[in-house]
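Only one chain is shown below, in structure tokens, and it's the form predicted alone.
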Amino acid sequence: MDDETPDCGHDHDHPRVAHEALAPHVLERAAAIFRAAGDPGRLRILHCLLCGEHCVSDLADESGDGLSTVSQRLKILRAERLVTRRRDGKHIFYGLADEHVAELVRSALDHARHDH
């Protein structure tokens, strides 16, 4: 090792694990997902949706927030494809987009509960 390269403290006798190269658009997309989910109010909505679909008024009741606030949060979550919506008559129901989103929410909350 030359004098200008700092020692990272790793045991260089063991081979490094190669990491998959990530395209910039994948990193940007992942960062956008974390930004959308990173607001406490939006995270509360995602947590509520872990139990299944909810309409806006149910989410507002559970969170104690106004309908317009919840609608705005859902708009952001939909834009990042974290939630989906479906119409049933006059009502629109929101749910988590897929199991990846559910696992992301569960993992984040579990990690926060076990704060060291």
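Keep in mind the model is a prediction, meaning the values are calculated, not measured. Residue positions are given as counts along the sequence shown, with the first one as 1.
What follows is about the form predicted together with the DNA, which we do not show.
Within 4.5 Å of any heavy atom of the DNA in the predicted bound form lies no heavy atom of Gly52. In the predicted bound form, the DNA lies farther than 4.5 Å from every heavy atom of Leu43. The closest non-hydrogen atom of Glu28 lies beyond 4.5 Å of the DNA in the predicted bound form. Proximity of Ala79 to the DNA in the predicted bound form falls outside the 4.5 Å heavy atom cutoff. Using a 4.5 Å cut-off on any heavy atom, the residues of 64 to 89 that reach the DNA in the predicted bound form are, in sequence order, Leu67, Ser68, Thr69, Ser71, Gln72, Arg73, Lys75, Ile76, Arg85, Arg87, Gly89.
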